[in-house]
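Let's start with one chain on its own, the form predicted alone, as structure tokens.
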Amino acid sequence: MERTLADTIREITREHLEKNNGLLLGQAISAVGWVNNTVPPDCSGIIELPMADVAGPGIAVGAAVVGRRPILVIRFQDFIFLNSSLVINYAAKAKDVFGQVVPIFVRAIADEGKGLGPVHSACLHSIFMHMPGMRVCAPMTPEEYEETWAVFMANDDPMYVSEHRRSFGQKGEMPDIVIDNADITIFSISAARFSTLEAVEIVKQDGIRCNVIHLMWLKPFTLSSRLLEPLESSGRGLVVDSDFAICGAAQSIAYELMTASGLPVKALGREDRSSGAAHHLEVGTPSSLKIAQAIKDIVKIGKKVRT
């Protein structure tokens, strides 16, 4: 039976708890389906933290200092603001300032829709990209999560892992799509990867051909030939993210790609407004229709420039 991403996270967690003297900490771990069935319910080393977001990460950071390599689960990424003080101001800085390594694995889970409202529906990996000492990634498939965990275990840096509930049922991998004579190259992040693939099928009806490059590692971000060659071939690009666009990963990466290639690269992410609980007030990953329209607009402008 093919594994889902949730299965993979649960298996990695079980092995860490049983074989590595690991810990898993978080609020309400057992309360609602063991975090979407990503936490093994029958393992020791699971600590239910009190509803004290500022204090909980301090326990995880302390465990990391003494070598336990804890997994800290943040059930909704909106909660990261209160939870981040010890992670940012000690775990991320201690290696440079004190020579003290603090390897903590932060599982920050995003969600959207479902009437979740303003404090249960964000995706906020961009803010951790600003912090020296933090690794930031957004794995969406089983093999990507395995790579994420392997990098964490092979290094001593704290890691912010931006998960998304839309990905927990994902079974297959998501290879890049690179074709001849593409009109645009799309770089997609987090749950925007799923919407982007839908958008590509929509614009195909208008004869628009797209490369799609799936981005998992946000920091460090490497400008490799895998990214630049499709962009240079297509002549224009678009970065799409589930996080807010303004001052975010999409704009930062678009800038990096533009600077390296000299080509126009636009950025698209969440709208710059707070989400409401009513359906018409929700703010989430750009829809496939919105991404498709952005692709059409960019390609149309590009063709005008060429003529």
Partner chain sequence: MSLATLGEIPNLAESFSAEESLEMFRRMCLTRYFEMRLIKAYKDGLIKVPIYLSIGQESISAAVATMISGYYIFAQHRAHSVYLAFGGNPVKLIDELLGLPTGCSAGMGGSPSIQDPDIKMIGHHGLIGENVPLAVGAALGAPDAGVVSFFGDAAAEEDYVFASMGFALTHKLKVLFVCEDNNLSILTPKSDRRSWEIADATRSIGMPTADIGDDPWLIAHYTRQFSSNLPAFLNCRTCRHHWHVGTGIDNPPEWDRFTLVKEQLDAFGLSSRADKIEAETKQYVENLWNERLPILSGK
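Here the structure is a predicted model, which means the values were calculated and not measured. Positions refer to the first chain, counted from 1.
Keep in mind that the form predicted together with its partner chain is not shown, yet the notes after this line are about it.
K.L.:
Mark residue 276 yes when one of its heavy atoms lies within 4.5 Å of a heavy atom of its partner chain in the predicted bound form, and no otherwise.
P.N.:
Close contact exists here: in the predicted bound form, residue 276 approaches its partner chain to within 4.5 Å, heavy atoms only.
K.L.:
In the predicted bound form, does residue 101 come within 4.5 Å of its partner chain, counting heavy atoms only?
P.N.:
Output for residue 101 is no: heavy atoms all beyond 4.5 Å of its partner chain.
K.L.:
Considering only heavy atoms, tell me if residue 247 and its partner chain come within 4.5 Å of each other in the predicted bound form.
P.N.:
Result no; residue 247 lies far from its partner chain in the predicted bound form.
K.L.:
Residue 107 versus its partner chain, in the predicted bound form: is there a non-hydrogen atom within 4.5 Å?
P.N.:
Contact check for residue 107: no, nothing within 4.5 Å of its partner chain in the predicted bound form.
K.L.:
Name the stretch, out of 196-204, 129-137, 79-87, 230-238, where some heavy atom lies within 4.5 Å of its partner chain in the predicted bound form.
P.N.:
Comparing against its partner chain in the predicted bound form, the contact stretch is 79-87.
K.L.:
Hey, with its partner chain in the predicted bound form, do 17, 159 and 220 all fall inside the 4.5 Å heavy atom range?
P.N.:
No, none of 17, 159 and 220 comes within 4.5 Å of its partner chain in the predicted bound form.
K.L.:
Counting only non-hydrogen atoms and a 4.5 Å cut-off, give the residues of 29-57 close to its partner chain in the predicted bound form.
P.N.:
Those in contact are 31, 32, 48, 50, 51, 52, 53, 54, 55.
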